[in-house]
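Shown next are two forms of a single protein chain, provided one at a time as structure tokens under the names structure 1 and structure 2.
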Structure 1
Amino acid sequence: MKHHVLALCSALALMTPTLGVAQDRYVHANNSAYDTLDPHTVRDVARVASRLNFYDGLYRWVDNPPQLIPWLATDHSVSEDGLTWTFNLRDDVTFHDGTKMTAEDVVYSFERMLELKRGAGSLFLPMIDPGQTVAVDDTTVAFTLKEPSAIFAALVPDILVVNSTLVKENEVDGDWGQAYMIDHVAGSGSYMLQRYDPARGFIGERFADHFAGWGEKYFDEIEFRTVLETNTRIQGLMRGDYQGLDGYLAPDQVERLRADEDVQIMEEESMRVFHIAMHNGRAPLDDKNFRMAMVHAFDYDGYINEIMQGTVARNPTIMPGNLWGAPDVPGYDYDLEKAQEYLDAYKAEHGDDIRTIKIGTLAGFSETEQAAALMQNGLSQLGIEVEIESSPWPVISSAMQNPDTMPDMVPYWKSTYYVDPNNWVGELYASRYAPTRNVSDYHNDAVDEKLEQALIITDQDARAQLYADATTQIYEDAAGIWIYNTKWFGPYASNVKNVRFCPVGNGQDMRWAYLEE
């Protein structure tokens, strides 16, 4: 079961090393704080830049649609029972301090992730126990899983390898080097840490000896800076203080930047689905007729064409339309007559008394507040009262992960952490992920069976069918309100070229980009 296809991809992905000449620097303004550089304690989209540019994983996601290419590993094989995954590593990888990378570094890195139980570690913990990763030899590492997993390969880019010698030297009281790794880099990535200030951001200097080599043009220096105010970031790009910004700006901000001739907006269809999660476990939303009334009470066209100004594409299910396994279904329409019919059917069974529906929104994310207001408008025409409560993400996120405190509805995005249908339909609707990721409290044995099977078998066509079937069933159950798939509008200075956007990382992997003279 060798996966030589991955090895072939590497020839396309890696560029021939050249000596090159000094190039320019790139400054990126982001709304998040780069308050830690430890690649194993965080796994959020906001702080992905330090992980992508300072560290390398066994494989790497690139481009759109995302391709999984070999990176520190050249290929892998899976044992007949599907439990042991053996990866062959490159023998020409060095860390920033010149130490050669070996399989022991991979083992240490993986054990560290599991031990710290944060970031990607918590994703791997249910799959593999500590001590089940071994270095077969210097360039071979084997992972023995608890049960077969079809998504393990998709998660392998998250195994970011640290220089175990360096980290061990800086361990204090068995802390796995946590205190040290907060503000130091022990990686082999395309850029080396030059300066770091948790209050401001970081500067990376090109690692000329990176194993993947460099093209003819590149940035010698990259700086990622925290700039909290959107208006300040936009003005900074227009003034030329920055060369790039985070790419999920509101439509009016995108238009403002588009009008500036020194700014270019790169457009890519992403895999970030905006939906309204509904609490399927609490009355009246535990009734299918009531949920059907809900899905027909949302003005999809009004939201997409008026509020989002047509900058996003309708997405009828939780699966991004541009991903394999997405079913071909029409999507619910805004039809208050139909909604009233379903509501009447509900009332015939449960009575006329309907309590106030509570919608939780994300403070500071106007799209969620606008979606809630639109839902409130639709439901008020059906005679249903709605209460909207806005809270910061950590507050609402905590509430969502407990069925007792989860609001009736929450509009939010499901981002791309790895490119596999399980990232969307699996995590949001399979019982195994309740209540932490399956916040809807949706449970359907037939769906669970399909999603569980899809996690084990490796044939992609068969998996695609399983995911399509499960998603269709969830769609027919009206378990949520699925609105759009985000478009990424990457604002960059007009002379920035070759930004390789990938939904995983949102175009912040800077090794390919350069400044045109």
Structure 2
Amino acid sequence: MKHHVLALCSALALMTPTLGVAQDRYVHANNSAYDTLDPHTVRDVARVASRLNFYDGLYRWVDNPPQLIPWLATDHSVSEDGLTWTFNLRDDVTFHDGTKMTAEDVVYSFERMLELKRGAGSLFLPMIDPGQTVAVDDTTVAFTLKEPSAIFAALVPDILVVNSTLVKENEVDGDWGQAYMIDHVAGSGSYMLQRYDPARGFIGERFADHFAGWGEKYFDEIEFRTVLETNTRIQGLMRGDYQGLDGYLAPDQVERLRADEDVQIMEEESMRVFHIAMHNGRAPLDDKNFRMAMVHAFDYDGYINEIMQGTVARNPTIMPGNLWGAPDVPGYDYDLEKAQEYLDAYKAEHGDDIRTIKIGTLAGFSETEQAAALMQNGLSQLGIEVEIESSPWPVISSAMQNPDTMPDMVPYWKSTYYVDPNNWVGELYASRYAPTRNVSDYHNDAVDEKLEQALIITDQDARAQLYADATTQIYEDAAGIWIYNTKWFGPYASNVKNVRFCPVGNGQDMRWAYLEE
């Protein structure tokens, strides 16, 4: 039995080619650095713009709520046993150098992802072995999984296709072109690389021959520039130096921009959970009593109502409250008396000597620094010393993926990369994703069993129960400090139109946007 999950008619979401007039350039001030352009080694929101604009996947996430539409593939079918997924590809796709894309490029790209074991590759490794992706013919590719997967379809947009001929020509000592791909682009995406500077960002030039065509208006050039200092980004947008910023600013910054007639704020629901990851594998945080003291030492109401000015919703677990499978639990409260009781229980077993707790924050993300300061204040009242160190996201992200270098705590957001509970509770707490995604070094056999089962079965009600049960156990283990689910307040110049926001990508897919004169 074949299941045509996405029909070709969905391709109406693509724009038909028309002759258009080139519009002005778009400059986006980003709050993190673009330290690499390789689409297969990173998978985070901070560097999503290079992946979305330079590369194409088999399908693409668009709009809000997120919807999958055909992209490089027109449709797909699944074998009766749920193991073989066969994709039919477009026959009119060319890479930026004019080379025609074929199924062999898809195979090479996927094998490269598995070999590098980074970015989205770490998600596919448990599902499919190397050598199990084949080109049936030039426009057909088949993936044979180890076992049926409930999330494979949701991950297909992450199969970003590179020009295999170009990458192979630039391989050095079997490195799969890693050195070359740091500062070069080998894609078919809407924009071609014009300039790249890891200290500054990148500039892309419109790829006129993109298979999806172009509307009558578009940006002929886009620049994503690294600007770490928040006030500099805001002032630059108000002056007209930039046409867009990241959409997750503090409330006072949003209101400051709302007051400017040359700026517009696009408000959208999101599924971006702000939490403090705790290193469950390192003393003293490897003790549940100590972690319980931590979760009761954070002032949730103070953070949400005062710092965030009530613009976000309390989220008691890592699962977004507006997503199926989220459990109904009350959430931990700020109660220093409870925290002291748990701390006393810890000391009774381990002694009074508690080392300094180290919190890593994200430079340029004031909310993480404010959360760390609030945590520091609560712990100081318990007699626990805290050291806070701020680093750019690429630095701290790299440190988080190694249990030896992961700070004791890191406040950050878990963003939407695909709309399935596994994106949140699975990736952050299942043993299969340690240490690259399960950065907290949390391991629980009962939780793993539920999360593994939820990846195989396809009945959503049954999966929802498994995720709710697993998340409840993680909650009871106080494996992290979960604070809020957020909204996206996208600040753009008032004459920027048709930004197509999606929680997967956060409004940085620029092919549909244009400047209204």
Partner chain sequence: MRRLEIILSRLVWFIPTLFGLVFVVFFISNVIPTDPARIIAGENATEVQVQALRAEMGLDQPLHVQFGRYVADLATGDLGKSLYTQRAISEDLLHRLPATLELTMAAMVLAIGLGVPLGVISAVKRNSMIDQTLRVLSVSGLAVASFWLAMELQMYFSTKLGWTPLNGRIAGWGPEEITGFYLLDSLLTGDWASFWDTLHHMLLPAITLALPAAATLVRFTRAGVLEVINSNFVLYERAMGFPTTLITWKYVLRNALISTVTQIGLIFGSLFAGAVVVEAVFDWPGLGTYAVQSILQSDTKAILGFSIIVGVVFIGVNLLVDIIHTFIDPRTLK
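These numbers come from a predicted model, not from an experiment. Between two forms, the rigid core is the largest collection of C-alphas that superpose within 1.5 Å. All residue numbers here refer to structure 1's sequence, counted from 1.
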Check: With each form of the chain shown alone, which structure should be assigned as the form predicted alone?
Finding: 2
Next item on the list: Enter the domain rotation angle in ° for the smaller rigid part relative to the larger one between the two structures.
Entry: 25
Check: Cα shift of Leu455 between the two structures after core superposition, in Å?
Finding: 2.9
Margin query: Gly321: how large is its C-alpha shift between the two structures, with the rigid core as the superposition reference, in Å?
Written below: 4.9
